[in-house]
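Only one chain comes next, encoded as C-alpha cells, the form predicted on its own.
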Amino acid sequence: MIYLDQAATSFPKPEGVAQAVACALSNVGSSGRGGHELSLAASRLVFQARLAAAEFFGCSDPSRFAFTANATESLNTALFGLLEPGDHVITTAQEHNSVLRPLFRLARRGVELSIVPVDGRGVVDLAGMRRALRPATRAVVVTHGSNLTGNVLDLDWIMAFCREHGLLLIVDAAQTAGWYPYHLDEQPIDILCFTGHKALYGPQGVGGLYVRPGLEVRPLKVGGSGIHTFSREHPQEMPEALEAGTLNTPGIAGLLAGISYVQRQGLEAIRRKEAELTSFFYQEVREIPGVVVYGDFTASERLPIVAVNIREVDSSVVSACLAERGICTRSGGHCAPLLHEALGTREQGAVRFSFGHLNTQEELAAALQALRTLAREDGGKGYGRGQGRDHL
C-alpha cells in the first residue's frame, strides 16, 4: 500500500504514539478527579502536554491552551464563543466547512459575513479584505493552508491587516500545525485552532485551541471541571474554562508523543523533505496528457498537496482505480465547497495526493505511473463520467 492521503490523517503514526496511548490507558486515571496517584498521574501527563504544545507553538503560558476533540470543535468554540448578532466577520472562499458551516449558522442568527473570493488557481484576493471592511467588522477567520489546493495564505499580511484595524484573528491551523513554525508570543493571533492527528502525528480525536491572554471565550459546553464544584457557573479561568467534562487523556498522551516526534525530527527537515516530494510529483504530473492540476505552484511556500483530475472523469472513479492499485488518495469535495466552485470542479471534485516526510520518491513515482496508465486508458472517452463523487 502507498499512502498518499496525509492531509486527511498522517499514516503511519510514529511508534511512540501508539505506545503512549496504550501506556495512558493502562497507567493513569482521570485528570483533576481525585488526589490519588492515578488521577495525579493523569494531571501530570496533561500538564506535560500543555507545556509541550506551548513550547512547540512559541507561547510562554501553557494555560492558554485548551484541549478539544479536533480543529472543528476548536473552531466552533471560538466562533460561537466570540461572535454576536450585529458583528461583521471576514473570511475567504478557501475555507473548509469547519469554518464555513459555523459561520453560516451564525449568519442565520444575525452575524454579518463577507467572503473574500479566490481566483482560478484558488489564490485568495487579500485586497478583498480591505474592500470588505465595515464599521461593524470584528474578526477575520481564515484557513491558513488549503486542504484542497495546498495554497498557503500570507499570514504576515493578514496579521498586519488585523492589527491595523483592531480586528480579532482566528486561524484554522488544521493543515499547518506541525508544518508551519508558529511563534504565538510574537504573532498577533488571537485564537489558533488545531488538530492532533495530521502533521502533529497524534491519534484522531484530540486537538486544541490557543486563546491569547486577555481574551475571554464563552465555552461551547459547560459541566464538570474538577474545580469549583458548588458554583452554578462554569470556571472562567483558562484552560478549565474551555474544557468541560473528562479529558481524552490517552489521546492527549498520543498528542504529546506526536509533538515530541516532530521536535526530534526538526520542523525544517520535515518541511524540506515534503517540499522536495511535492516538487517532484508536480513537475512529473503536469506533463501527463489529460491531467489538470489545481493550485498555485509559483508560490514560495505551499503545503505538500497536489490536487488533479483526468480530463472530465469523475474524481471518485480515478481515486477508486488508484485504490485498486494500492494507492490511497482522497476524492470528492474535500469539505471545501466554495473553493471547488472557483476551480470549476463542483461536479467533478478532485483527486488529492498529499505527502508526508516518511513517503518516498519511489512511492510517488509508482503513483505517477498509475496516473499515466489511467490517463492513457481514458483516451478522452471519459469512463465513469456522471457518477457520484462525494461518497468516498
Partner chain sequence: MGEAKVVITFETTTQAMAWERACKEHGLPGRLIPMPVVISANCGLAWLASPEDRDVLLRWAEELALRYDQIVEMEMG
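Residue numbers count along the first chain shown, from 1. What you are looking at is a predicted structure, and each value in this text was computed from that prediction instead of being measured.
What comes next is about the form predicted together with the partner chain, which is not displayed.
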(message) Please identify the residue among His165, Arg264, His228, Arg105 with any heavy atom within 4.5 Å of the partner chain in the model of the complex.
(response) His228
(request) Heavy atom within 4.5 Å of the partner chain in the model of the complex: which of Asp125, Glu237, Glu84, Glu186 fits that? Just give me the one. (result) Glu237
(message) Although the partner isn't part of this model, could you tell me whether Ser43 comes within 4.5 Å of the partner chain in the model of the complex, counting any heavy atom of the residue?
(response) yes
(request) With heavy atoms only and a cut-off of 4.5 Å, decide whether His340 touches the partner chain in the model of the complex. (result) no
(request) Indicate whether the partner chain has at least one heavy atom within 4.5 Å of a heavy atom of His334 in the model of the complex. (result) no
(message) Since only the chain is shown here, I'm wondering whether Leu51 would be in contact with the partner chain in the model of the complex (any heavy atom pair within 4.5 Å).
(response) yes
(message) Within 4.5 Å, heavy atoms only, one stretch in 344-352, 27-35, 319-327, 361-369 touches the partner chain in the model of the complex. Which?
(response) 27-35
(request) Counting only non-hydrogen atoms and a 4.5 Å cut-off, give the residues of 288-310 close to the partner chain in the model of the complex. (result) none
